[in-house]
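Take a look at this single chain in structure tokens; it is the form predicted alone.
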């Protein structure tokens, strides 16, 4: 029996422990620590220049940190041999040989990883089908559209069913249809792998991810489950049968858990909720609806607003430290 069979399961998909990195006078990462839970779809969020690509490069062992360390499945990333086949990455600007057919390139990657020929062929066929490129297998890279090239990069990251996958800006520069296809592909991985998605697209991160870390200018501002990070700034968008009077708006503002009411015009409101102190969102919403109905105001639609965006903007504008959000690394 393999000695691996006696090893306990990994505690984390990825553990980032005190990473610091400078490029000359530029502080790319400043004592960053957080954990990526096993089986999560984890969003790494931040504006351009936040340090996301540097962090990805350290996790992939392309770049060595000045201090701190990164572990994948409890294995230090510098021990690349132990992670062979268990980890993959899609860099933001992945490049392929222009004149080599799609199928041949993926097959070469699998053989390079030590996979037997028959297994490599089967894996390439499976992966091309997964990303919708099976009918384009004989095309050269230069004959692919930008969206197809992005899907090829995703295919390369999916080869071999790795346990941990890093995707750096996987939908950058794509048209809406291609963006939808890539997001659907990432969603299919949720039960099969730990996936980390780097992006500055707030809608994308909120749709895809169950956990998130927010970086800005090399510092970690927040990390944790999306549900927890947005509880103090949850938003609800309401469309009503009529506009509210000033007195009715004040009554709405007095509902426990409602911290703000913004008039969006045409009988539409955005409400900001604070769900701290054990408040339940369903109970708060029920009280809001009871109040409206008692005033003969009929809610025509109710949808959760862009609460992650509100939290992101609050954190980045304030530069709030993340120490209260992040458990110490083991």
Partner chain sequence: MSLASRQVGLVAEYTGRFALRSGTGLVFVLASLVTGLLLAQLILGPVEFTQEGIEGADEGEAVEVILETARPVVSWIVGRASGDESVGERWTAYLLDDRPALLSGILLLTMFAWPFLVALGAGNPFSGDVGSRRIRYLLLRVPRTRLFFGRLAGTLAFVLATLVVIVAIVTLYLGFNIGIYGWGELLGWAAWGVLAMTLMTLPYVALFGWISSAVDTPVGSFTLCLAVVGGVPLVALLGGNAWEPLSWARYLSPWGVQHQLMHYDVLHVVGAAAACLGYTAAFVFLGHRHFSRRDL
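Given the structure is predicted, the values throughout are model-derived calculations rather than measurements. Positions refer to the first chain, counted from 1.
As for the form predicted in complex with the partner chain, it is not shown, yet the points below apply to it.
> Please pick out the stretch from 126 to 134, 106 to 114, 217 to 225, 250 to 258 that is in contact with the partner chain in the model of the complex, where contact means heavy atoms within 4.5 Å.
Partner-contacting stretch among the options: 106 to 114.
> Given that the partner chain is left out here, which of 143, 94, 172, 122 has a heavy atom within 4.5 Å of it in the model of the complex?
Of 143, 94, 172, 122, the residue with a heavy atom within 4.5 Å of the partner chain in the model of the complex is 94.
> Applying a 4.5 Å heavy atom distance criterion, does residue 202 contact the partner chain in the model of the complex?
No, residue 202 stays farther than 4.5 Å from the partner chain in the model of the complex.
> Would you classify residue 291 as touching the partner chain in the model of the complex, given a 4.5 Å non-hydrogen atom cut-off?
No, residue 291 sits far enough from the partner chain in the model of the complex that none of its heavy atoms falls within 4.5 Å.
> Heavy atoms within 4.5 Å of the partner chain in the model of the complex: does residue 64 have any?
It does: once the partner chain is placed as it appears in the model of the complex, residue 64 has a heavy atom within 4.5 Å of it.
> Answer yes if any heavy atom of residue 187 is within 4.5 Å of a heavy atom of the partner chain in the model of the complex; otherwise answer no.
Contact with the partner chain, no.
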